[in-house]
Structure formats: structure tokens, C-alpha cells
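To begin, one chain is listed below as C-alpha cells, in the form predicted alone.
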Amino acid sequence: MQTRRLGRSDLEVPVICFGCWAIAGGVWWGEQDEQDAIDAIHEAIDLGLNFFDTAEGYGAGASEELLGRGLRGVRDRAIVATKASPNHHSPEALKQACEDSLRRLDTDWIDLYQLHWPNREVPFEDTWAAMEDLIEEGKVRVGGVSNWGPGDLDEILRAGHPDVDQVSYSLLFRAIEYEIKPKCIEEDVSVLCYSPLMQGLLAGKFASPDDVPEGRARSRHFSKERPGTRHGEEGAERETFDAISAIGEIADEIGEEMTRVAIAWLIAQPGVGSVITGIRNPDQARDNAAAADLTLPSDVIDELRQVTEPLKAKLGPNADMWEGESRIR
């Protein structure tokens, strides 16, 4: 599988990353068979999809623990990323959170440790100094951030150099293209893309906005009248489903599945280091690994950009999918 170097580090990762939030199960994801998850982890490693992303906040540590069990005996073949929640960004708390993640992951080191959302109550230079201590101690190889906008990136870049910013990016959510991605490219910070299929919308699971269940219709794509929304906006339901229809037509024209096309488009974008795809069983591991083999012609890449421009314009530069007043700045 194709690999890319993250930021200025020497860490090379596959262009597809195994996202581990869903294997935690729970209210958002439903029941997860543990053996399915472990088999998926082993299958992914055998396919060269050996980059795993989790967080202490995914299932209150359950995702880390399950990943740790899945990597027993094969840890040396895997690249493990996890994240520290913002309430653990003081120097002492970050170091303790790292120790707790190491224990749950059953490992001696974390390949990529990310600050999960900014904590603006703690000076960024203090937090990053603690990150550098962890790197110096050999507990962390590379440091990064997740859900940080250009202003916060500017501030932390004065203290050090995070090698990744993990943000939401897909054909249906291109907000980072306004400011965040240009800043990352300028500063040699690799973009890790989460929600590349926009919670199943780009898998063609839903024919209309009314088909999307309540739990998945909470982003700024949907009306503020939908249960569970927090953004207070009118949404962009027509533009979203116009875009999905157009993407589907392009995929049909080139004889490819829409999911593979959506992932391949992201891989082709400047600044992208890896695309995080949720995987829960071996079949999904195989399907996602196959997406890395698809290279889209330049005219198709451009056409996909054009048909999603109205949705990009409607949602604007707010890179927070859930809040009208962005927490990402």
C-alpha cells in the first residue's frame, strides 16, 4: 500500500488508516463483536493497512483496550495513533493520560499522540513542552493535534511543530479548504481526514434526507429542526443530496463504487497524509484497503470538486460539523 511521511517526522503511514472509534460499540455504533474487531485488525495488518487511530475518549477507553488486545503478538507491525482529551492537556495530566493510554493499549510506545481539540485554558507552550518530554522519554514518537483551526495552529507552531492535524474532510465537507488545509500545507503539517464517507452518506445508504436516521442527521448538513442538532442553522439538505446524486453518477460513469471514489478523491488532495475509515470486520478491512489502489484521472478529480462546490459554499469555512459557532478557530 502507498505510504506517506507525516509532516516533518520520519514516520511513514499508509494512505488508509483503520479508524477504531466504531469498534468501541456503544450508543452511536451499536453492538460490536469483539472477535470480528480483532480479526479485522489482523486482516488489515496483513493487507498493509497497519495504521490504527483511536482515542482515550472513544468508549471511555474501550477502543484503546480492544485495539491493545487485537495487537498482541503483532504490535511491532502496527502504527498506533491515539489522542488525549482536552481536559488532560495540562503537563501533569497529559503525562498521566499518556501512561493510561499505554496501559490500555498494552504497549510501551505510541507512534502518534494527538491533542484532541484545543484546551485554551492551558497555555499551548506548556502542553507542547509536556508532549516533547514524552517524545524525549521514548513514550511517543510523533506529536500532533486534532480539530485545530489556523489561529490555534499559529499559536502552537510558535511552541513547537505538530506533524498532523486530524480534521473532518470529505467530498461533502470541504470546510478545511478555506483556511486550515492551506495553513497545514504551508507549515508541513499533514492532514488526517476523518468522516471521509460522512457517516454513510457517501456509501449511498440513504436516498433522501428523510431516510437518514435521527442519530446521523445532526451535522450542519441537516436542518436545525432535526432531533439532536446543536448548530441552529437551516442546514443544507438539498445541496447535500444533490451532491451525493452527482457523485454517484460520476462513480457509475467510471464503473467504481461511490465509497472508493470518495476515498480516492481525498487521497489525491494536496496535504493529505492518510484517510481514516471506520472498520468493524475483516470484509470492511478488505474493502477499505482496496480503495487505496484506485487512482482517479485528473478530469474526474476536477469534476468531483465542481459538483460539490455548491455544498462547500453553503456550509462555508466553519470546520466544525456540529456547531454553528465553531469550536475550531
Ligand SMILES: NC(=O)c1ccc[n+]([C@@H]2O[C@H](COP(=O)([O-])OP(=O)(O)OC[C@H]3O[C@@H](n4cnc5c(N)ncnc54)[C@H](OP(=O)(O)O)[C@@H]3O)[C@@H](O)[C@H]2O)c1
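It should be emphasised that the depicted structure is a prediction, and the values quoted were computed from it without experimental measurement. The numbering used is simple: start at 1 and walk along the sequence shown.
Heads up, the form predicted in complex with the named molecule isn't pictured, but that's what we're talking about next.
Peer 1: Would you kindly say which of 219, 147, 240, 107 lies with a heavy atom within 4.5 Å of the named molecule in the predicted bound form?
Peer 2: The option sitting close enough to the partner is 147.
Peer 1: Heavy atom within 4.5 Å of the named molecule in the predicted bound form: which of 160, 200, 182, 86 fits that? Just give me the one.
Peer 2: The residue from 160, 200, 182, 86 that makes the contact is 200.
Peer 1: Taking any heavy atom pair closer than or equal to 4.5 Å as contact, tell me whether residue 101 reaches the named molecule in the predicted bound form.
Peer 2: Contact check for residue 101: no, nothing within 4.5 Å of the named molecule in the predicted bound form.
Peer 1: Indicate whether residue 229 is a 4.5 Å heavy atom neighbour of the named molecule in the predicted bound form.
Peer 2: No, no contact at 4.5 Å.
Peer 1: Hey, in the predicted bound form, does residue 58 get a heavy atom within 4.5 angstroms of the named molecule?
Peer 2: Contact check for residue 58: yes, within 4.5 Å of the named molecule in the predicted bound form.
Peer 1: May I ask you to state whether residue 194 is within 4.5 Å of the named molecule in the predicted bound form, using heavy atom distances?
Peer 2: Contact check for residue 194: yes, within 4.5 Å of the named molecule in the predicted bound form.
Peer 1: The chain here is shown without the named molecule. Which stretch in 109 to 117, 122 to 130, 135 to 143, 72 to 80 comes within 4.5 angstroms of it in the predicted bound form, by heavy atom distance?
Peer 2: Result for this chain: 109 to 117.
Peer 1: Run the contact test on 20, 166 and 287 with a 4.5 Å heavy atom cut-off to the named molecule in the predicted bound form and return yes or no.
Peer 2: Per the other structure, all of 20, 166 and 287 touch the named molecule.
Peer 1: Taking the named molecule in the predicted bound form, which residues of 276 to 307 have any heavy atom within 4.5 Å of it?
Peer 2: Contacts from 276 to 307: 276, 277, 278, 280, 284, 287, 288.
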